[in-house]
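We begin with a single chain expressed as C-alpha cells, specifically the form predicted on its own.
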C-alpha cells in the first residue's frame, strides 16, 4: 500500500532524504523513527503530495505521489505534527468543511462527519469551538479530519506529541482499531515504547538514510551478538553475581544486581545458557527464574543509530 522507491530529497547541500526504499503492506502499522532532522517528516510530506522528491518516487496503493497526486490524495489521510485551527468554528463545522473539500455531498457528507465524530469521541463536543479544545481533543479532531473521506492509507506525524497518558492510550487504541479495519498506517513518534506496542514493523532512519527495517524481533536477532539474561534468586544475590563473574568467562558485560535479580549478557547460543543454569543449581543457589530479557525498541534504536545530525 505504501512504497518508497530510491527516494531522495536535497535542500542545497543537505541530503534530507538519501536513497530510502521500503514497502508497507495493507493493514500494517509501520513505525517510522529517527532523531530530529533524520528525514521522517520530509518523507511523509512527499507521500502526502505536499513536497516533490529530488529524484526517486513514492507510491500509495500503486499510484505515484509525483505523477498521480490527485489519486493519491483520495486514498490517503495525512495528520501533520501541527495543524491550523480557525476562530469561531466548532468541531462539526470544521469536519464538514474538509468533507466538502473532498467532494462529499448531502447525506454522504453528514454520515461521514457523524461516523468520524463517533469514532474519535468528538460527538459530545460537536458544537464546541476548536479554540476551546484541549490538546488531546485537538489531536482527535486532526485525526478525524484525516479520516473524513475514508482513506485506505494514513500518515500520522507525531500524533502523540504533548498528550497526557490517558490520551496516548486512547490514541493507540484507535490506531490499532483502524489497522484491524484494514487501513495501512505509517506513524512517526519519539515515544518508542508505545510504538513497539502497536507497530507490526519499524523503519529506523538517521541523516536521511534508512539504517534498518523490519519487526523489532527481527532487527534484534540481526544486530545482537549476545543475549540479555536475568537470573532471579531467593537470596544471596551478590554471591550469585560474584559466582557468575568468576565462573563464566563468556560473560560479556559487568554483572548488575537489582534486588534479588542479576542482569548480564551471554552469547546467543542456548548451550551457554543451559551450562550456566546447571552450574548455578549445582553450586547450591536457589534459582527462582532464569531467562532471556527481550530488548525493547529503545535499545534497538540506540544500537542502530550513532547520534549523527545534519
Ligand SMILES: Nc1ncnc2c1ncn2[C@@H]1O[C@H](COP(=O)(O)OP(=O)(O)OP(=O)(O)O)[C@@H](O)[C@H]1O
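Residue numbers count along the first chain shown, from 1. These numbers come from a predicted model, not from an experiment.
Omitted from view is the form predicted in complex with this ligand, to which the following refers.
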{"property": "Location of this ligand contact in the model of the complex, chosen stretch of 23-31, 65-73, 36-44, 280-288 [non-hydrogen atom, 4.5 Å]", "result": "36-44"}
{"property": "4.5 angstroms heavy atom contact with this ligand in the model of the complex for residue 230", "result": "no"}
{"property": "This ligand contact in the model of the complex: residue 194, any heavy atom under 4.5 Å", "result": "no"}
{"property": "Contact flag, residue 176 vs this ligand in the model of the complex, heavy atom cut 4.5 Å", "result": "no"}
{"property": "Contact of residue 109 with this ligand in the model of the complex (heavy atom, 4.5 Å)", "result": "no"}
{"property": "Candidate from 92, 190, 100, 115 lying within 4.5 Å of this ligand in the model of the complex - any heavy atom", "result": "190"}
{"property": "This ligand in the model of the complex - contacting residues of 5-19, heavy atom within 4.5 Å", "result": "11, 14, 16"}
